[in-house]
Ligand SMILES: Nc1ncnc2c1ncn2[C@@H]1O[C@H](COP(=O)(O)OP(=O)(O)O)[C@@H](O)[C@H]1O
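Quick setup: one chain, the form predicted on its own, written in structure tokens, and binding and motion questions come after.
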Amino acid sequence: MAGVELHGIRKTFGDVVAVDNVDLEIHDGENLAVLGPSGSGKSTLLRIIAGLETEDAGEVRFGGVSQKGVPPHLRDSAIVFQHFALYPHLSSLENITLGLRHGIGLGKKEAEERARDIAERMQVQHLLSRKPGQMSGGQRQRIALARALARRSSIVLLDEPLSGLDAQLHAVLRLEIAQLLRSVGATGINVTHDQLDAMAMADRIAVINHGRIEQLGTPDELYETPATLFVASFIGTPPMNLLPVTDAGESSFGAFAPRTGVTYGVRAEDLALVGEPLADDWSLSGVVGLVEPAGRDRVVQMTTAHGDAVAFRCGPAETPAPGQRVTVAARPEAVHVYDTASGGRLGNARTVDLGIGVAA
């Protein structure tokens, strides 16, 4: 098996910088998600790893070995595309064995034995005689994954493999894929725009934006301490509430006179309805707009006097009505502080000196 190293990867298309000096190390046997919005450079980065695109600068290494000049079919990697890419006139068995026979040169008998072995492990052996048109979207994606795993490559690349599937199948397949990659010991790199997929499947997540890695960490690290304003706004449902301080030094946390140039961030679950805030609580008030059922909780959307939209969670019994004015509060350690200009995280309201007399 092998890990993947990216050193100074850069790729442009005309005046557009798709990947901008990316350094990234994916450990042997790790499942890493590359998460970002459309146009962030994540698919281009995956295609460079696969050898389907050539980097303008930098180097890709598999297991410490440079892949410079190595064509896609000779790289120790397999790729699963969003749209399955199965040959419609071939059976599932033929789709799986085609690459084994003509890509890595196995004989027909050995290729079919390997195909049947992976099909049984994935519980799709009953589909081997069917053609793609005779299968559902989920079945076709399972065959596409079986084709990739049958190569027994050290590295499996997943290009939005679950897009277009219905929600129930989507949730089932993402667990199956994560378990299969771990069972075969492959290094997995999964490109996705879906944070739930990334959180569920990956050991670590690299959040990419405008061709740059904004943060690399475990799902918990990204959720609990987002390193930038972009990560804070992208990770979480609902996303983190971001409350900028005005040039006049005013914010929705009106009881505090904060310094300018910062933006506060607080998760919906860290805000609680209060009657009278504690002395060092960070509180804000607003008028309730939308109330959204979310299982056992309710997500309440309100608007502060400064015009900030704020979401908080509460139980059904304490849910306020639309139009009601309420006050919510968070402990200082739950209020993240970001530099508005750079977007970088400075710490939290307990540890950052904001010049307001409450920081430790």
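Small disclaimer: the values here were computed from a predicted structure and weren't measured. Numbering starts at 1 and runs along the sequence shown.
The same protein also exists as the form predicted in complex with this ligand; that form is not shown, yet it is the one meant from here on.
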Could you spot which one of Gln301, Thr304, Ser43, Thr319 gets a heavy atom to within 4.5 Å of this ligand in the model of the complex?
-> Ser43
Report the stretch among 325-333, 64-72, 35-43, 289-297 that approaches this ligand in the model of the complex to within 4.5 Å, counting heavy atoms only.
-> 35-43
Taking heavy atoms only, is Ala18 within 4.5 angstroms of this ligand in the model of the complex?
-> yes
Taking heavy atoms and a 4.5 Å limit, what residues of 60-76 are near this ligand in the model of the complex?
-> none
